[in-house]
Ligand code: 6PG
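Okay, so here's just one chain, in structure tokens, the form predicted alone.
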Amino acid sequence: MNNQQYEFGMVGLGVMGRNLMLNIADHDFSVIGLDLDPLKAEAVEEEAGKDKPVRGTISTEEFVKSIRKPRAIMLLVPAGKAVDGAIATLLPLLEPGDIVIDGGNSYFPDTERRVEELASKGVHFFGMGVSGGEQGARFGPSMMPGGNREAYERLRPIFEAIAAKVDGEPCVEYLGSGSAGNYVKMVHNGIEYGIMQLIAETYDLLKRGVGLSDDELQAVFQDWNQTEVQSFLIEITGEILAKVDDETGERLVTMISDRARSKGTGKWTSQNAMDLQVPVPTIDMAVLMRDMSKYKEDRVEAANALPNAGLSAPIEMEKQALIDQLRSAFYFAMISTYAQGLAQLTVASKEYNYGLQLQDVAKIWRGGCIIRAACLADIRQAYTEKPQLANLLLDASIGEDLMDRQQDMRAIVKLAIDKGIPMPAYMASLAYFDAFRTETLPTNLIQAQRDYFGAHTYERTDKLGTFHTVWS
């Protein structure tokens, strides 16, 4: 039995767990890892080297007894039954005041259930979103913890040390009670879906619509990463488009199937937004287009049966001017997507009593995570100046910027329509902007229709109450 008392415990020594352990050790915190696979337990010690305070074990009892009290234990296992199984194994060995952190992409109602179940045993449960992938885990992730505020103080020194840093500030912050951390990560992933779809549509318009070569496509995204649309996703798109396939000599991206996969977090965002009655159309379209991609055989048949004559239509604009216009439109759509996700967080915080501070959310997202982008500095500023801002589009500076870019956005959407190139995420982003700034929507007609066929009643503009009319 190893008698050393470790500062932190990690359950699950796969890629993410192992890299977070090494990150923790790099910042002089001792850490012990538990995995049922002895090879993984041994590998983490070997990778850390003899000079780092790292240990791996396959013994649950040794693992728990080796962590200083109150214990801080993080789970990095697949969401769902694996999390409940790990908790069930650990719980008999834990004591009141101990803390268990779920670092996976768990669905937030599962986190709420676990918070209540462990609280009955005196154990604190945290749901914490971790973004940044393998490299982020190793050298600085963005982390979104939610749970008991007092218990977070046991975790804060470690998390602030290992998090990504932007201007010296760690990309981690206590977000709120209960499942706040997992919820914020879920919406983070929804925004990620939306921006990835926007980038894919941008690529498609430039490739099929404008006819850019592989080298020109790669240069566009490389150049854009030095502008106002700078972001991690734009950066890696430039790198992806430069990669050559060793087998064919072609750009690797052209050899990859267009059947897209997903793990469900984007769908969860859309589903919950509908439950809360918060419109997130760009995220919805991103989810739907991944679904559309799966109908490959049908799409091949339709491409032959319903040919697209628009692709051959000439473009009456100089190439670089169009690329600049497209960059402006992409920025517009990206901001619209952030606005939708943040509006969902605003409503969810009230509905679930999270107490979210959106300036802290924007701070966390500035570095380490997949949706980090230069524009998040402005988004953070907007919520710092007006913490109760109902929607990002209502910030004077951001709203004025979008007003200046809206004609570029409309021109790109028109071009896509003329070319027959699907850009539903762009269109949804523009429609969100237009609908949000419309004082009187045509839904009064829908209310009348509902009352006509179902006697559902309606409200009037000139007096209070609900009314029903015999229409025929």
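When you see a residue number, it is the position in the sequence shown, counting from 1. Small disclaimer: the values here were computed from a predicted structure and weren't measured.
What comes next is about the form predicted in complex with 6-phosphogluconic acid, which does not appear here.
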Requested in this report: Tell me, yes or no, whether residue 290 is in contact with 6-phosphogluconic acid in the model of the complex, where a contact means a heavy atom of each within 4.5 Å.
Outcome: yes
Query - Contact test in the model of the complex: residue 262 vs 6-phosphogluconic acid, heavy atoms, 4.5 Å - result: yes
Query raised in the report: Are any of the heavy atoms in residue 358 no more than 4.5 Å from a heavy atom of 6-phosphogluconic acid in the model of the complex?
Result: no
**Report entry** is_contact(residue 212, 6-phosphogluconic acid) in the model of the complex, heavy atom dist at most 4.5 Å
**Finding:** no
Requested in this report: Within 4.5 Å of 6-phosphogluconic acid in the model of the complex, counting heavy atoms only, one of 222-230, 393-401, 126-134, 300-308 shows up; tell me which.
Outcome: 126-134
Report summary line: The one residue among 349, 105, 270, 218 placing a heavy atom within 4.5 Å of 6-phosphogluconic acid in the model of the complex is 105
Query raised in the report: Pick from 159, 365, 330, 193: which has a non-hydrogen atom within 4.5 Å of 6-phosphogluconic acid in the model of the complex?
Result: 193
Query raised in the report: Going by heavy atoms, what in 173-195 lies within 4.5 angstroms of 6-phosphogluconic acid in the model of the complex?
Result: 185, 188, 189, 192, 193
